[in-house]
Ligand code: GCW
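The data below hold one chain only, encoded as structure tokens and taken in the form predicted on its own.
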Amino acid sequence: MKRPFIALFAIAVCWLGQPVFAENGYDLWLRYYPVKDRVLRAQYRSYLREIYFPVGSDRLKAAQTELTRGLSGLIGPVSQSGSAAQSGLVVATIDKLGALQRSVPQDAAKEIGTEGFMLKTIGQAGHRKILLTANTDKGILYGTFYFLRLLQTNRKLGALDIREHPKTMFRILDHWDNPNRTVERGYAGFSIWNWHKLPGYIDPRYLDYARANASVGINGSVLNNVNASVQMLTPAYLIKAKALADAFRPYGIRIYLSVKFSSPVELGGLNTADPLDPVVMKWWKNKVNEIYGYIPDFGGFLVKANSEGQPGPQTYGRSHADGANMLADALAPHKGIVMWRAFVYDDKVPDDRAKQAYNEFKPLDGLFKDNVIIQVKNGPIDFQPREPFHPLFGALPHTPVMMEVQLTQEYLGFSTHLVYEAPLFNECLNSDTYMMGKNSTVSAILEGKYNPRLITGMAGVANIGTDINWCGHPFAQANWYSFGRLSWDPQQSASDIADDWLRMTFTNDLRFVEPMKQEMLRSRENTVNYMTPLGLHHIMSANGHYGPGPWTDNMARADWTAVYYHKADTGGIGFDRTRSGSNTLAQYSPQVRARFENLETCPDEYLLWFHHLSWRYKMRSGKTLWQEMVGHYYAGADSVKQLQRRWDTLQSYVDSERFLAVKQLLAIQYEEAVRWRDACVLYFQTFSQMPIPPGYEKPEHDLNYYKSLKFPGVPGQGIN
């Protein structure tokens, strides 16, 4: 972490055009390096020499401090004015604008709501100035970061007319962090929460974490793992959670806790956790009241129940609605919410695990309390490199639903692979469920367009740890960033978000931005190609989900194995989810079912997700399925080599420290992509009994070699 005086000295020297040291990535996308374009810098200074920004609340102070920090880095020192009339930038809530209130259109206040803001270039007394206003302090905070983003990405200020407000209510990072500071599925070091030093020591990293979240509109943080420890509900830890809540509050972030459903037994000494037992209800109400005594704006609970061995209401013959509503009743007087995960499956192995969540939750539609929101993974299995959208999107019209995505790359190469996940998120968000006819997209459902009375939200499993660059891979920061942007507005494009992130994180030079944006946008598809092409899924090694393991067949449950999902045999490969197989497609709308069930219309990307096909099946390309699969595996590995070459050509645009870090990680990624390619091609060849087509290099080792590989110490092992 940079010391303040070093950072200021660095900025001063940068103004002379000579950076004194390489960057380590700690500053994320909030670097605030000087604007190089002289014309733009002159325009910015003409508007921003004097700023009117009256403060009162801690949140406004945080916004003003950020604005001063940002402008000082971007264009040099600015001065605070005591007069709105004399200032080039006026920042104030609408009720504090005075005579400038007439510059705010009558419908603006209602449109931007409690978290939105307005940015407008206005004329006054022959001079042009910029007005940043909102209904609340939180809107001013978000507007401040948005305004700084305009400068960071070299946007012109002469004709601003922007109204922004979040399209979802709850935009939350889920930390899978444990009290001992390990992180389940965490690949960037240990937990940033140093519980031992809390509550007495507030690490500056906590404040920078809050700043980064606020900059992209994230307004909530679940502090602990969904496989929850009852320890988090003890007074000793509630005091520590309070300290974090106090630190985050100026940045508009509420904290939440994951809770174990059996807490009344394990912590409270009761003999049952039955949600319909009055004693259990009372225990939870008392515990909730205790929490709000420490944290008056506590957000609520995240619950994983009756899944992967976790206790839940079904343990007592009750439904998910019974369990969620009991907690919701305890939280309701304090305006807290329950986020109840739909990632469930019981002790009995079903004919298709992809059906489990729908089967359990569809019958409960409309039975949940208003402050319960069902947290549904983007796909029906488990954060795979590619999945179709979850059938619960569109199946619960009377129940609040929030989408859960995974920023930490559990199945996407951990923090050693460059994979920009926003295209994956877009793919799900833009999917048409046909819930209310054509264009009933997942994003529209998440925004509450079809039932405005429902609460809305998105959740992202955090990829943050103690690595100096936060996420382990410099480009993994883009997944944190893009989640925030998409949870604010699920209809934003991955391309636009990547463009902004590259400019803010590296440089505005288009000779760097354009080629790297294209590489980022291709990176997820490239990874799918060398891992799970054509709809294959869940063929990772069982040992931490690291590396290939399509041969895995010896787990405690069949649906923990790879062979359960790819079903390769001499006759073909793929999971038949049509009416002739598990009939999972019956869980989707007739339009979606018809598209995926018909081989003429099923996209190649989902072919083996929904169909079991012969190795000699003729693809659209004219190749056999076997030839097509081999081609994808080789193209995927080759794409990483091409990315390495592209990165090498961009060295002059990147600081030496981050350039070398990415270069080394790309070398690891290429080695692992080749391992994926060779292991999978050799394994599936034992079933296809067909040669690797001519023109492709032969694998360096035989199949037994790849099966024998062990990787002790793989980070992030455990269940999720």
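The structure displayed is predicted, hence computed values, not measured ones. Just count from 1 along the sequence shown to find any residue number.
Same protein, other form: the form predicted together with the named molecule, not shown, and the subject of what follows.
Only one of Ser215, Asn529, Asn225, Thr133 comes within 4.5 Å of the named molecule in the predicted bound form through a heavy atom, and that residue is Asn225.
Among the residues Phe343, Tyr237, Trp284, Phe389, the one placing a heavy atom within 4.5 Å of the named molecule in the predicted bound form is Phe343. Looking at 276-284, 628-636, 179-187, 515-523, the stretch with residues near the named molecule in the predicted bound form, meaning non-hydrogen atoms within 4.5 angstroms, turns out to be 179-187. The named molecule is not shown here, but in the predicted bound form it comes within 4.5 Å of a heavy atom of Glu308. A residue is said to contact a partner when one of its heavy atoms sits within 4.5 Å of a partner heavy atom; Lys304 meets this definition for the named molecule in the predicted bound form. Heavy atoms of Arg318 never reach within 4.5 Å of the named molecule in the predicted bound form, leaving it off the interface. His545 belongs to the set of residues with a heavy atom inside 4.5 Å of the named molecule in the predicted bound form.
Heavy atoms of no residue among Asp137, Tyr142 and His165 are located within 4.5 Å of the named molecule in the predicted bound form.
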